[in-house]
Ligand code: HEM
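Next up: a single chain in structure tokens, the form predicted on its own.
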Amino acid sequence: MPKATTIKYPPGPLYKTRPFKIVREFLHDPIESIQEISNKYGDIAYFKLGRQHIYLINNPDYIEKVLVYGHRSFTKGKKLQVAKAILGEGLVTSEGDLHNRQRRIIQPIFHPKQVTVYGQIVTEFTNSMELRWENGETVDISKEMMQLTLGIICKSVLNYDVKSEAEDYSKALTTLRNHGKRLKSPLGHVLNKFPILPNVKGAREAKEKLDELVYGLIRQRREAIQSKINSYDDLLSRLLQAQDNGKSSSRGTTASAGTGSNFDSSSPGMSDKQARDEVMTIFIAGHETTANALTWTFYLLSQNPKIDAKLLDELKSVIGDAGTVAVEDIPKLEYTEKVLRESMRLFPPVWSMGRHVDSDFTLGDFTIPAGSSILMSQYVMHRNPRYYNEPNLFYPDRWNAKMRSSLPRFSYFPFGGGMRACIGESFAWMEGILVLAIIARRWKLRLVHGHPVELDPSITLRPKYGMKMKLERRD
């Protein structure tokens, strides 16, 4: 890092006399902290978290420059080591040639036409879930959505029906998520060195449980592919057989389950280790984000009865009394899509993104030195009054054609953008719209009186205390 005298810093809360104040504020409520910094200092702000130099970017053109045009100047940084302990070298955590190669292999699997194949799985699982609901019952809709989307992603990715095990696997994934949150603190790293501690032991057992499932299914698919007797038309089988048609670096040695290289020199596809890492990434990123988006959507509908009524009118018109919906109906569910889009504006499942600056990078009037960190927040940008009238208002009708065409590209980016944009975006839209349509057509969800609704801004944006809601069957 160059000497401070050689750097022209953007405005920001330096707190020279109280250097740990911003650290305490950020750890206590990171969203409120960066919201206040953004409101006060504008497009680009500078502050320190301990020894870390942070540049908070609040301008959509600057965000586009970082994520799209200047992406080679950045990596995801050292904090990925925490995520790699869980995800390995999946798409979210891998860098450089490995990331590019894996993205080329996986991209065709998430082509929109291919994604529609999974629509029937979404409708079947959603119908099965809501059929066991009872009128007047109180449920934690956050928990319900987590188990639903986990079941959908398991069936889509692995052709495996978790059935009664959905709750156990959901708990295991939540355990790993909470453990990753603890590892972000210095104390968490220290405590992680003591495997007898309940939290550390629980995280290890959760990881082993998920690995046992994934590696067992990988072995099963390998045998089926080799014997050519049983064929599985699922994403896992395609991962194992996929070939990289682009330029890629040389491969390593053959990998056995759970160890070794990410590439398998004996076959054109992925090693067991790399397939495991990709499946775990899709598990966590692919089910938790959609579950959170749906949970916040049902919360917002419960607080806005006129919008709920307008949504119901569209659903009655498009899918009728039976509530049967299919992928082919999605283009006609225009208001349903607006409701989900507006919900992800107010409560984006991924609320912030970070980049490590590998080489000096210029944004506006400032040069950001190598070694610094850039922070971009979907939550903050999505509520910026420069781009959204009454930004804290839940108003799906704002998403008309004129408004969407006039918005800067990165004033709304719930799925990220650039070379590392979410590869499963089309799947998430399809799943979210279908689940919302099926449930909202048949059920009115009311927030339980007195239930606390607070944000839990970890890797994803969860409700801190879940979301207790009373189920009311529609006539």
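Since the model is a prediction, treat every value here as computed from it, not as a measurement. One rule holds for the numbers: they count along the sequence shown, beginning at 1.
The same protein has a further form, the form predicted in complex with this ligand, not shown here; the description that follows concerns it.
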Is there a heavy atom of residue 285 lying 4.5 Å or less from a heavy atom of this ligand in the predicted complex? yes
4.5 Å heavy atom contact, residue 378 to this ligand in the predicted complex: yes
With the cut-off set at 4.5 Å between non-hydrogen atoms, does residue 60 touch this ligand in the predicted complex? no
Whether residue 110 contacts this ligand in the predicted complex should be assessed with a 4.5 Å heavy atom distance threshold; does it? yes
Contact with this ligand in the predicted complex, heavy atom within 4.5 Å, among 422, 45, 440, 66 goes to 422
The one residue among 175, 373, 123, 289 placing a heavy atom within 4.5 Å of this ligand in the predicted complex is 289
Answer range among 37-45, 446-454, 51-59, 414-422 for contact with this ligand, defined in the predicted complex as heavy atoms within 4.5 Å: 414-422
Can you tell me which bits of 95-109 touch this ligand in the predicted complex, meaning any heavy atom within 4.5 Å? 99, 103
